[in-house]
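Coming up is one lone chain in structure tokens, specifically the form predicted on its own.
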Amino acid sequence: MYVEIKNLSKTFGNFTALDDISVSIEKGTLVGLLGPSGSGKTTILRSIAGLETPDSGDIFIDGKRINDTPAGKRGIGFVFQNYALFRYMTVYDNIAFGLKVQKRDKKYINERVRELISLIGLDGLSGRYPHQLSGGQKQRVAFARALAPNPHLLLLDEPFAAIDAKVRKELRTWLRETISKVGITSIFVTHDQEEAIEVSDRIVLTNQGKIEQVGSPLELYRKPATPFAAKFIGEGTTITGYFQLKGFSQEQGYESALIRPEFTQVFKQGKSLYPHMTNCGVVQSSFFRGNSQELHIDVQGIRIIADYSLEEEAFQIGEPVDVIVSRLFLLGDDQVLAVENQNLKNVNTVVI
């Protein structure tokens, strides 16, 4: 493993930011530290960078313990949330700053800066100052400045937080493609699950100073290891009385369940092909979501959220509907059990 964190703990007064956490990161991967505010993700990043001193535990990069290595000598590039560009320096000089600190020769600096300006897609803007750039352009310059000294590891602290939604989406794609080209091991902090899922090779999910789960975005989505992971990743509704739904029975130790929109199908009343699986419900509310209609449905006192194609006939508020739930995540005290609708076994599948 390229980055290894072993039994790391950190407190700030009475607040425990990190509680004996351990995690390993492979070389060349792009890892997202994901979690709610106060979950410990930024403290992990700052500890790796040398900007925070852990109370206990060890941090290794490429097999070398770096706890006592000064921040400036760890070979790490850091991209801050608020860009932290030098206001009175041009794009060129901002990117060149770290190289000048390293006392590289002028020819190398010029070649490296031109290479990075081309990489971030800002050709022709090297003479501009930060106030002449958009938020997305500033973040690209900050990214290039961090890469300029050829760091072994790149850390990004909520790099898209200060950027508007549309540009943020474009930058996510750009960042993933660019880091893939450069091939540098990278760790970024985010509280946005969509961002983490879209950008990361692997996600480290944090909560209350502990690590809830580590895995690929698909693993965390399909196989959440804890109730927190199930609720935090993806959209879903937590319900009780799940055993009232057709095809499900009560499991000991699981008092509630999580239903995701893709676990449900909604039909006009009487239009379901499988009556033995069908629950009767009533549409309580409806929301337009761009490419679908989000329905909130009451099924025997259970509130279910489902997505419905705009290509189909729309539902009206108060309309009776048929609902089939194909799957549930049952939530225990510290574990998740994925269960399928038992009635699915009685459905004959015909392949044409």
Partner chain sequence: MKRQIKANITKILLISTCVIFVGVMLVVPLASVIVYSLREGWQVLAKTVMDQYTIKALQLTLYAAAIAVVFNTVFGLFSSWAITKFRFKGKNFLSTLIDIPFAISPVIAGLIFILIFGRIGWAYDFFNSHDIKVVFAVPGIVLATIFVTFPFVSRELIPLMHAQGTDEEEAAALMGAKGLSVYRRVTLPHIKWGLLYGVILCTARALGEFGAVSVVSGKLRGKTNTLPLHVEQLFQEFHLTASFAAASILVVIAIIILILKNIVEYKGKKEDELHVR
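What you see is a predicted model; the values in this text were computed from it and never measured. Residue numbers count along the first chain shown, from 1.
Keep in mind that the form predicted together with the partner chain is missing from the display, and what follows is about it.
- Single option in Met89, Leu154, Ile117, Val182 placed near the partner chain in the model of the complex, where near means a heavy atom within 4.5 Å: Filtering the options by heavy-atom distance leaves Met89.
- Here the chain is shown alone; which of Val189, Val266, Ala230, Leu85 has a heavy atom within 4.5 Å of the partner chain in the model of the complex? When the partner chain is considered in the model of the complex, the option within 4.5 Å is Leu85.
- Item | is_contact(Leu175, the partner chain) in the model of the complex, heavy atom dist at most 4.5 Å | No.
- Message: Taking the partner chain as it sits in the model of the complex, is Phe15 near enough to touch it, meaning that at least one heavy atom pair lies within 4.5 angstroms?
- Response: Residue-level check for Phe15: no, no contact with the partner chain.
- Message: Residue-level contact is defined here as any heavy atom of the residue lying within 4.5 Å of the partner chain in the model of the complex; does Leu51 satisfy this criterion?
- Response: Although the partner chain is absent here, Leu51 would touch it in the model of the complex, with heavy atoms inside 4.5 Å.
- Message: Taking any heavy atom pair closer than or equal to 4.5 Å as contact, tell me whether Leu273 reaches the partner chain in the model of the complex.
- Response: No, no contact at 4.5 Å.
- Using heavy atoms and a 4.5 Å cut-off, decide whether Tyr2, Lys6 and Lys41 all contact the partner chain in the model of the complex. Answer is no for this spot.
- When the partner chain is placed as it is in the model of the complex, which of 216-224, 162-170, 244-252, 94-102 ends up with heavy atoms within 4.5 Å of it? Flagged stretch: 94-102.
- Item | Partner contacts for 112-137, taking the partner chain in the model of the complex and a 4.5 Å heavy atom cut-off | If the 4.5 Å heavy-atom criterion is applied to the partner chain in the model of the complex, 112-137 yields Tyr129, His131.
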